[in-house]
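Shown below, as structure tokens, is a lone chain in the form predicted alone; questions about how it binds or moves come after it.
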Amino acid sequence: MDFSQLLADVPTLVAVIVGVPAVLAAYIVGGEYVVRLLPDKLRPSVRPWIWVGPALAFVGFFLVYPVFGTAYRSLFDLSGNSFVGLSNYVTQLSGFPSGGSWIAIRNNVFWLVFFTVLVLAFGLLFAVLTDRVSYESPIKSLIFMPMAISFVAIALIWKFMYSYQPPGEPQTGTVNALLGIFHQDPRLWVQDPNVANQALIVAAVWGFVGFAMVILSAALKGIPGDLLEAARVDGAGELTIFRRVIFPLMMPTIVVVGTTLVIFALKAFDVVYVMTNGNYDTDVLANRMYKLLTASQDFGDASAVAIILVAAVIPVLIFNLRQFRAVEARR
């Protein structure tokens, strides 16, 4: 870009830097001015909507409207001109167990179970083992570090980790190199349908376990130390204390973290797209939707898959909101 182009962009840059704060300030001052003109009885009920209104408008425009638009689009054919009703859903949900979207649905269930359980298990394990030790901070920082990078980068890292070379040649992939140390033949980890899903889930677990560890560690530190000491005075062992005291008190947090992980598992995309693109029986709903939308240009079927995914996520979101409210009610 030449200097003249930079000069041409300066007014736009200044307008953004000055205009956005100016609009925000005008909205705040104007909103408060309007509220003060109202009767005293109405002010407490109107003022919250002045502040929440813009956020609700953004959510409605960028989240709610697209959902209804996608649901409407899913009732039309590939071109979007002919109304076909639920035909796209029938196409995606036909051919059980290996036709339509059933392989993707099966893999999403596989992710939901194993990804959620493994992240929770390792997150809880690391939270308990590193609690109140002298090297707690550096260890937790190392475990949390993968969360600082994108899942696309995590997928690329593990794609190299699983790299395969024929037997007898130097293994550039870390996993197959470790197998060579134990005199085992290298494996096609992400190209073998028998283990490809497991390999992808391991990569995602490595990237997400730090999140679970931090949240669960905060819940663990919220347990009163006097309660644990009283249990030890009564003769309870550490395993009994964990099973009878720590785990029940952490259960609300575990449930909230678990439902968050379930949502992530249902909409898993990055790791699958980068490592296999859904090949080798690793397809998931989000990746199938993307392929129908981009490769096949089939907007009707892609919209139907998107609505199936939304329908799977909404009950979990509702459950998650109820858990948040239950936790807040206990405080």
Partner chain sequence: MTIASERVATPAAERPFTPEWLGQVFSKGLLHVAVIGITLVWIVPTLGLLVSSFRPLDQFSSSGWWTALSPPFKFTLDNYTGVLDASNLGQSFFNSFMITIPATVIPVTIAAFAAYAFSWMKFWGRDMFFLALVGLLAVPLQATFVPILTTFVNLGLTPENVGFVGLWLVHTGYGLPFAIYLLANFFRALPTDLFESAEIDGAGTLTVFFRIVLPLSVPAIASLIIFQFLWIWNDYLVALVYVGGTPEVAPLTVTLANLVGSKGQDYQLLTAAAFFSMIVPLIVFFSLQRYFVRGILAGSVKG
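Residue numbers count along the first chain shown, from 1. Since this is a predicted model, take the numbers as computed values, not measurements. Take the two forms, superpose them, and find the largest set of C-alpha atoms that agree within 1.5 Å; that set is the rigid core.
Beyond the structure shown, there is the form predicted in complex with its partner chain, which is absent from this document and is the topic of what follows.
This chain lacks the partner; the member of 113, 227, 236, 177 within 4.5 angstroms of its partner chain in the predicted complex by a non-hydrogen atom is 177.
The listed set 84, 109, 90, 139 contains one residue whose heavy atoms approach its partner chain in the predicted complex to within 4.5 Å, identified as 139. Across the proposed site, 76, 96 and 191 without exception lack any heavy atom within 4.5 Å of its partner chain in the predicted complex. Here the chain stands alone, but in the predicted complex its contact with its partner chain, taken as any heavy atom within 4.5 Å, falls in 152 to 160 among 152 to 160, 98 to 106, 243 to 251, 193 to 201. Shown alone here, residue 164 lies farther than 4.5 Å from its partner chain in the predicted complex, counting heavy atoms only. None of the heavy atoms of residue 41 is located within 4.5 Å of its partner chain in the predicted complex.
Proximity of residue 173 to its partner chain in the predicted complex: non-hydrogen atoms within 4.5 Å are present. Not displayed here, its partner chain is approached by residue 63 to within 4.5 Å at the level of heavy atoms in the predicted complex. Contacts to its partner chain in the predicted complex (heavy atom within 4.5 Å) from stretch 25 to 47: 27, 28, 29, 32, 36, 44, 47. Once both forms are fitted on their rigid core, the CA atom of residue 311 lies less than 2 Å apart between this form and the one not shown. Core-superposed comparison between this form and the one not shown: the Cα of residue 31 travels 2 Å or more.
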